[in-house]
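Take a look at this one chain, the form predicted alone, written out in structure tokens.
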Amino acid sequence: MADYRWPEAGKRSLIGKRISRLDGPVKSSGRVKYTYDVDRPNMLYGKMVLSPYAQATIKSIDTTAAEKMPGVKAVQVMREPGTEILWAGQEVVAVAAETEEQARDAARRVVVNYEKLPHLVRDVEPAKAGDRAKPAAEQTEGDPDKAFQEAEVTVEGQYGCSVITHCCLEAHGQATEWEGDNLTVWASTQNVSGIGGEFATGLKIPAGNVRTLTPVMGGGFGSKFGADTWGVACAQLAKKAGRPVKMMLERDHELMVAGARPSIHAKVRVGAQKDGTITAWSSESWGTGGMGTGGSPRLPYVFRIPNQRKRHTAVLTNIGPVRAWRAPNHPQLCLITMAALEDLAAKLGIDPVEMFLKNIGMTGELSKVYAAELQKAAELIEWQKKWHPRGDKAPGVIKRGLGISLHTWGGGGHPSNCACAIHPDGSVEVSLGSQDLGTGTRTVIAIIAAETLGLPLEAVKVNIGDSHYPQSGGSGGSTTVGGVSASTRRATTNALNELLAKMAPSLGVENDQLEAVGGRIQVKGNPSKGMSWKQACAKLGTTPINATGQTSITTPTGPSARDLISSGVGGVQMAEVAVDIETGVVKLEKLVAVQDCGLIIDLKTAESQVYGGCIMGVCYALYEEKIMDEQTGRCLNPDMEFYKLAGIADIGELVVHMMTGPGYDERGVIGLGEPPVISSGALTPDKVLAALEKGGAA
């Protein structure tokens, strides 16, 4: 009888190997169909009227002229007169027409009268924000006053990072089609199973009437969980017109309002003894990210400094809705903490690796993991050979140095349901209402199913991307791989045990004496006594085996889900950078990322996620920023020309090392999507120049 638990290292045929993504060929050849590629019969196109003001009240809306425009089939008012606009680019009216050009022309003919109101769109200190500053309660641990008095060394600095956008290469949007009272939505979403409920609420129909299809998607990074106002409006247009409607956001709208990672800035003071023991932390932080206040950030990051005082103030701004961005809040907090600790090490004249190791006990349960990762990263970047105290004395304008950062993340699996079907012809299907954001979810599911059933990878068909499949959680918080891994393992194990029970009489043994391996059902320890997989399945007659499995984080039946998955990972990154002290240009020479994530299902896609996280980290550290105009309240760079991303020549050398094997595998599967992006924060050229003008001070 098959066991739920993961097979031991010596008995794994697929798990932990380097396996290419199953959807790689169709994606790289351009054959796969994204939401942008959906083309329904007799389909219309939707466009929206957007507010030009960052804060205003809608006084009146006149759609008469737009409704008479050629090709227009439906108009939907999204925000009624009397409601308040809170950011430039907020949606007011949607129009559907025969062509995109006709819809765009009609949107221009809608007349909206606004009463303009004062706005705030810039990162400003709380003292300059007036009543938009919302302070949280001060937090104190230990006795920071005494600790600072007794500290032999203190360092002070101000650190921060600006608002950036999600910049999904496939913009937000959907195609919608009605059949009676039933709605089908082809959506670019991270939440196939859950987004239908939002459509149902907005449209006032039963949730069971909504079907969501997302076979593939082109980027979300935390911004594509909801139906959004444009999703509901698209469905309303389709209902009014009696025809399918597709409405994808224009690039400027995408960058204006479809995603914003909040900024954070902080004045930090750190105290320590001369031997490098950190004793005290004090920070006054503030951040902007829209109209939400949020909570207090968990500073300092990773290190639990014993004596600390923290004050945080949220500053409400009219820049668009804040959305979770890959590892929400962690990159910002990591940058502030690691920059402050690096400054402390510099003032002490201590190698920061040595200082981090000296204080590694403050990182808690992951301290041994961090210690091992620090040593491995230092080896890979040749830290002892390349590190020098601050102030590169080498001749010329190019100065080089090393940086170090630690990060953490949870990554526990989400609730998930999986259905496994074993057919009499030997074919196998596993179905989940999950989605693949490009991380390799399809491949991971197939690996687990094939490993469990003793089959080659190509023998398993994976069905995801459809809300009609068993419900599975949204892809956020790095929870997908844990959720789908456990439910797939359970479903396929349950199906296999049904098959073994049916085969046992034919082989004259009890079912607990059978195993599935190498495409065969055979007696354990006696491979000659068995039959091929297809021969075994043929004995099912005309009735397939249908089994289910569940990942329940609360009270699972049978062996605990925690036997298969867990949470809590640590990672270390070290960067070698070159700075031109005349221009301020920062060039990444080499970035080493050492990461753990428990049991690795597919080493190739795991490494790929780390590479992707590092590339994204370089982008936000050196290039990205959402630039707002204080006078007009509008975004000044909502396009791919001036919203900068790194090109391949800007990345430098990336080295990835996964911590795996004994000591890691026993923890089971842990999510990996977000941790690698956290540690890559750095200074941008304008800030480098500003620091140089002050004699090198941050």
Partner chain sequence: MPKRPKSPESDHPKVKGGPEESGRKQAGLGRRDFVKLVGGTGVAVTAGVLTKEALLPAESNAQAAAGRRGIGPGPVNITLRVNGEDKDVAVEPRVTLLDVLRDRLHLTGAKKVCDRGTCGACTVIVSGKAIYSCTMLAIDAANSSADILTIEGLAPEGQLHAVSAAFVDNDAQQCGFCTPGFVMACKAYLDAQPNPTYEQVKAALGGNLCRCGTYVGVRKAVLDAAMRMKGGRS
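Not measured: the values here are computed from a predicted model. Residue numbers count along the first chain shown, from 1.
There is also a form predicted in complex with the partner chain; it is not shown, and the following applies to it.
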item	value
Candidate stretches 378 to 386, 437 to 445, 112 to 120, 398 to 406, one within 4.5 Å of the partner chain in the predicted complex by heavy atom	437 to 445
All of 170, 251 and 624 within 4.5 Å of the partner chain in the predicted complex, heavy atom check	yes
Listed residue (166, 330, 309, 269) with a non-hydrogen atom within 4.5 angstroms of the partner chain in the predicted complex	166
Option touching the partner chain, based on a heavy atom within 4.5 Å in the predicted complex, out of 304, 604, 423, 534	604
Touches the partner chain in the predicted complex: residue 616 (any heavy atom, 4.5 Å)	yes
In the predicted complex, residue 646 touching the partner chain (heavy atom, 4.5 Å)	yes
Residue 142 within 4.5 Å of the partner chain in the predicted complex, heavy atoms	no
Any non-hydrogen atom of residue 322 within 4.5 angstroms of the partner chain in the predicted complex	no
Sequence-ordered residues of 35 to 58 touching the partner chain in the predicted complex, heavy atom within 4.5 Å	36, 37, 39, 45
